[in-house]
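Considered here are two forms of the same protein chain, supplied as structure tokens in two stand-alone entries, structure 1 and structure 2.
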Structure 1
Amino acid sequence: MKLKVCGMTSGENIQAIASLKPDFLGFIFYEKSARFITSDIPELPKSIKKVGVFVNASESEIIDTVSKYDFQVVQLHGDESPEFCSSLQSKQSNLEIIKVFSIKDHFNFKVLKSYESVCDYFLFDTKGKLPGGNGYSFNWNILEAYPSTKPYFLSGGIGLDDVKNIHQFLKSSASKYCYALDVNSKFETAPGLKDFNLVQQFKTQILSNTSTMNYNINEHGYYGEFGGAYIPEMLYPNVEELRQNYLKIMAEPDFKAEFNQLLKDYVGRPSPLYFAKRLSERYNTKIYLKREDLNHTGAHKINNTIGQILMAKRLGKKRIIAETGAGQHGVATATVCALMGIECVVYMGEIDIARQAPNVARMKMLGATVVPALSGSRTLKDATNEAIRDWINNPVDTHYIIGSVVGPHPYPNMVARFQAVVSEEIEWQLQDKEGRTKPDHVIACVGGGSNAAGAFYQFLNDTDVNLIAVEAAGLGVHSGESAATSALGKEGIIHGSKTLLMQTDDGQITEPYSISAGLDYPGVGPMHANLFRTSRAEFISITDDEAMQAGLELCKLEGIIPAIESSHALAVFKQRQFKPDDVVVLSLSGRGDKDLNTYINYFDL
């Protein structure tokens, strides 16, 4: 959850509040306001976005003020039309727009529709005599009917005594798209002067506690309210054996030495952090590609399978099972099993077997038995179901190498820890290239979410780093042929954990669809469900067409053929604008060899 502090007028007070590192600071340019700013705005840390707040100002006035103070965001608090927002957006392409709507006892959410494409955020404030700063709250339950997926700011009389109510609200479905809290008059010693201690206390109670509680897994295996181990009794010994031992084994010096040696000499790590010059020029920002596609086997999946095969050996397991969608995890599992001389069985949906034939051939060449899943949608979900059935029937000698941050605890955390090498490398590589360890944005595609978990891991609790998770919208989020869990999902249990998943009103899992075999999963890992619910990460949905065009663009601009999964992440640059000096790191999770037939058929090559 991000924090915006609005309505300061004194340079000294502005600097004091800025030292608390809120995400946004707002400055009001409305003469009737008691918080109208007439003084200069001091230099602020780069991590803080400066917001200019206007009420029915002219376009030229806004543009001049933005230029004078170098604002990154404008907040329109009057009767500005969609056409006005669109015109402003076209003239200030790097400017983010917050459009404010006031609520009293009810609100007609239909008015939002025409603003969807011309602003970046909505803000809901309390309707009063003046546009903002009234010190009163509205009934937040009204937001249960919020129909949009656009992130919004919650404002209106929020004070320190609302902490308990805010925690309650953040657990409700009304908060699903709540992106930030906007505080103003309840934290003042006088209009325009904020009480440093009150703001600090509020941030600690709301944001710091939420960060600690939500972004890291707790001792019970939950990320916030998501996670756990919902498993049949017959699987309890297997899962419990792993839970009791995985952290101890990972901490053993011999384990770490063998793991790191294999990553270096077998996988080929570190993978390069490549500055994509022509792509950066196209989108007027600094784009670095984390080249997981250059790993042995062609994707990030090998990081996890190396770790888990070493774990299985130390637990005395003689047989490995796995599930796979795009085939990359199946290939990575078959690879490490061949390396260690262990029997390998890979379950794969019948449809995925057909569209990922090169990877099926690789698995067989590596000595694995590939078993088709013939039930349901015959894709990744069903392959996972079959693997779990196998594990139930073979509980003693078999280890299940789950390929994503899904499944019962401790799998989501264990897989994330093995994949964390991705963001660990990003930090020191970025230091070499940019003189800093933290990017402004990290972008990764998300199906179950292992690639994104690895790219995000080191930055989870560093809110200066914006995390962008990209899901597959298929033929469109609301087309009935989609895998956009963040937009369509509800709380439920799938494959042993509580998370967000696509389901009918009576709890039946709905079939996902994506042109990408690795993203057509009906749920998302509990870490990502929590990142979404707490608004720690932005979630963006990308259609098949958008992804395919983005993949082809990378081919032509950088000479890199990406996996279609990675192409979804690349498509974000068409949807979201970044500043010229932003450092954007995108995890290129896999190479496109496996997808050549899909590319050929789509583009009629």
Structure 2
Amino acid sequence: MKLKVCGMTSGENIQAIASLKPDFLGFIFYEKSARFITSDIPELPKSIKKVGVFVNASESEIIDTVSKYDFQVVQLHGDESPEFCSSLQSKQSNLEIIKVFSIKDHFNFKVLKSYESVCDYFLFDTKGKLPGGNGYSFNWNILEAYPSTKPYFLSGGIGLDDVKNIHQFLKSSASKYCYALDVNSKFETAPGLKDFNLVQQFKTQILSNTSTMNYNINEHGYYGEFGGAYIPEMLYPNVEELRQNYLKIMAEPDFKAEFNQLLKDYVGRPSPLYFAKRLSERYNTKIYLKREDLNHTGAHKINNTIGQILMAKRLGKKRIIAETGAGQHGVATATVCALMGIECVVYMGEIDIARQAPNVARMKMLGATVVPALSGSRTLKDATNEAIRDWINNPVDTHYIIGSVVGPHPYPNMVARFQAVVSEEIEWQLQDKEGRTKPDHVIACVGGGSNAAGAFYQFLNDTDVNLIAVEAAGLGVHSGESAATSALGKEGIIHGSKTLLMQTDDGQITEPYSISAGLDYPGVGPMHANLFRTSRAEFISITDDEAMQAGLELCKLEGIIPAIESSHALAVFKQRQFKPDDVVVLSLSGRGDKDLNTYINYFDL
């Protein structure tokens, strides 16, 4: 995406902004404008195209000004006719012409036709009192109807606050021919004086997303600025051993073979990609459910525990520890430990033990020892602390199976790789059903973020695929009882990873709340923190009530009782519209058996 900064008036300021290397700098030659330039224009780097902006000026005035300042481009902001443009074009063959059109609520795109052959670009600005510079934006969705293939500039009140909207817009088909963003009044300290820092921030935030970017982990264990391994020295040998070996082990043919075979024969993969016909009809789009709920033990969690138990065996470990919130990951871990005949200790908050009795019983039947976490708030975060403490105390023979894409590097990446099987399957299943490997949208709920990481994995760097991460808003994002980490969290460190987490101003980690125990975590994995920060993924928060209704709706429409975590993802259809021919894949991360009590109490069944 190109950037044009318009309306500087002072030489010094021009030079400062030029040092940021925008693609275009625009200078306004319209006396009535607050940004009318009277000063000289300093020498500018050759890579920047200089644009003269005119409103109903005469041809001779334009030609004189262009030659005086050596402009490569003119922008015509008034009622210049196609004939006028044509004449100018014939006299100045090297000059590029931008013709401006102002849009309010509607725009008759037919007027573009007569300009097609006489200008080089179109520019769409907000219609207001003034010819440009009104400082607010129009509804960009109008450009869905853009009939032309000519590159256009998007203009009108664009500010730093719009970055997220712009990323959104750039993912939509309306932006197909959007060539550049044109900014002006929202980046000023006074009319005509641009704020260097604001422009710089805008440029990096826009470019970071539109140039090909890597949303996967880098060689230092970071996703953008998130990740790393903030661990006490006591954990260094364990984590380092894992870091040095995990990729090597995962690449071994017999590891892959054993992993794939267990996923097939034991877990029951591939999980179906099911076209949800009645749900699709209800929301007038094409919805596919990725049925992780049909896996052995009832959720996606087992993909990771199978991978990690094989990893632990190859590292020569004799004992497994894990943390669990609702008990899903605890059950998945106890299951694979039983399968391999390895000792298993699961830490679980004392409060969660009380509210998730069936899963506690399952773990015990599977031979695991369930240890109550008695410290702190006695829920998932404290269970994680206890598991880490156990690992510190048992540094040689124990492997810690973390249950989500959280924790110190390499855990987030390793867990994401084990869950990646989800999107690998989506690609070929979609090929069979739709004749294409890429969906338009992928929706998944995010606690720590492992089912989302798995569903997004193959599409991370393919920005044509819109990623939608759904967080639990509990009783409401700002109710004080919420687990919407991206909305409420700040950058910090939790469980060995730099990421977004909910905390007090003093840096104490706070207790989240959600009706779904699996989303009740104060942090989010570093991959998702980065997807949020870069606006690669759209983040949506769903309340308890919205999720419960969406869960019930799936029961009624499709005969599937979803886990309450997955119900959060389903609730997106009430919040956000999709097009009729959009292909939307939703990660149905788990089944609702474990949540029956919560459903019973909530709906008074």
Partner chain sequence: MNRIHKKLQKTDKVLSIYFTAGYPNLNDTVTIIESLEQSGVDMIEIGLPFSDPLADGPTIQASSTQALKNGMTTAKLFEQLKDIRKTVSIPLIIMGYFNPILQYGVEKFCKTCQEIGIDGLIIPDLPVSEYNAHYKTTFEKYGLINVFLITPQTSEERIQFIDSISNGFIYMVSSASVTGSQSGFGDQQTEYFKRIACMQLKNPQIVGFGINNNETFMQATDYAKGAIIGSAFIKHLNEHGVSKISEFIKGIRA
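All residue numbers here follow the sequence of structure 1, with the first residue given the number 1. All values reported here derive from a predicted model rather than from experimental measurement. Heads up, when I say rigid core I mean the largest set of C-alphas that superpose within 1.5 Å between the two forms.
Can you tell which of the two structures I gave is the form predicted in complex with its partner chain? Comparing the pair, one sees that structure 2 is the form predicted in complex with its partner chain and the remaining one is not.
For residue 503, state whether the C-alpha moves by 2 Å or more between the two structures after rigid core superposition. Stays below the 2 Å threshold, so no.
Once the core is aligned, does residue 283 move its Cα by at least 2 Å between the two structures? No: residue 283 shifts by under 2 Å between the two structures.
For a quick test of reading the superposition: does residue 477 move by 2 Å or more at the CA between the two structures, rigid core aligned? Residue 477: C-alpha displaced by less than 2 Å between the two structures.
Any chance you could measure the C-alpha shift of residue 375 between the two structures with the core superposed, in Å? Core-aligned C-alpha shift comes out at 2.5 Å.
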